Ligand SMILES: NC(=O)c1ccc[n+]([C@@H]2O[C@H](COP(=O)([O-])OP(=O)(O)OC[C@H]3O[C@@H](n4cnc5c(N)ncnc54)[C@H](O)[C@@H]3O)[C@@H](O)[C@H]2O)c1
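Only one chain is included here, represented as structure tokens and corresponding to the form predicted alone.
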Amino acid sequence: MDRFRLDEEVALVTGAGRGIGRAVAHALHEAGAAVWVADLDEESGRAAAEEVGGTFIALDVTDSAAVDAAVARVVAEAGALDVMVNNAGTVRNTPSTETTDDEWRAVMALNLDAVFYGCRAAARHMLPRGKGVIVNTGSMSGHIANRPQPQAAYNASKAAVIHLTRSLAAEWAPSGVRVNSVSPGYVGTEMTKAGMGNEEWRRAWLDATPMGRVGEPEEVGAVVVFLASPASSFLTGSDVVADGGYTAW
């Protein structure tokens, strides 16, 4: 089981103030990593950092210069960045014909642009070292079109994240940097719970999931630990779908 350990590794997790990101921070900490928690919300981010004995960074991941600075700070203060988890994201359930340009760009800026900024900033440090792992949060929505709710922008952004992950993995593998993604299904985060307040959506989501339940953030955190650890040393460009079987039908 030592291959699942991350002792003496340094990890940075974006969007780690709540939900999946917070669970990922806990999972990496439990695996032995020193965790840096990045979030736009200072209150929840600081609380998460305190829970894992880590360090908080206030960060707007849609600001590429800020992302570069955050990675530079981690490297300067911790000595290295071994694991980068690009997790921050958002969803808008607006019918496509009613989606404004600003709404479209807001989703793409956070779900796709920010992931690229995080990958790029981490790789600039990892590639010269010849080692490092990047894990991006995709979604089963990058493989299927959800129903009954409209969310074309979200689905498109997550499909792009999955293919960006493959592209960067192929580009950086010769230099020893692995890039993978995890694609959760419906997980019991605040975002999902809000959607489940709509009984039509809740019933449709659960009926379409063979396991008949939503996942727990901790179940996604465990997948991220696997992808970040030596246990997955021959995986790069992979997307691990953790959806309770939703995409199996």
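Keep in mind the model is a prediction, meaning the values are calculated, not measured. Residue positions are given as counts along the sequence shown, with the first one as 1.
The following text describes the form predicted together with the named molecule, which does not appear among the structures shown.
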Of Ala69, Leu40, Met211, Ala47, the only residue with a heavy atom within 4.5 Å of the named molecule in the predicted bound form is Leu40
Is every one of Leu28, Val85 and Tyr117 in contact with the named molecule in the predicted bound form, taking contact as a heavy atom within 4.5 Å? no
Which of 122-130, 76-84, 137-145, 171-179 lies within 4.5 Å of the named molecule in the predicted bound form, heavy atoms considered? The stretch 137-145
For this session: Look up in the predicted bound form whether Ala33 has a non-hydrogen atom within 4.5 angstroms of the named molecule, and give yes or no.
Result: no
**Message:** Residue-level contact is defined here as any heavy atom of the residue lying within 4.5 Å of the named molecule in the predicted bound form; does Gly54 satisfy this criterion?
**Reply:** no
**Q.** 4.5 Å heavy atom contact, Gly221 and the named molecule in the predicted bound form
**A.** no
request  = Although the named molecule is absent from this view, report whether Asn198 comes within 4.5 Å of it in the predicted bound form, heavy atoms only.
outcome  = no
Within 8-22, the residues having any heavy atom within 4.5 Å of the named molecule in the predicted bound form are Gly15, Gly17, Arg18, Gly19, Ile20, Gly21
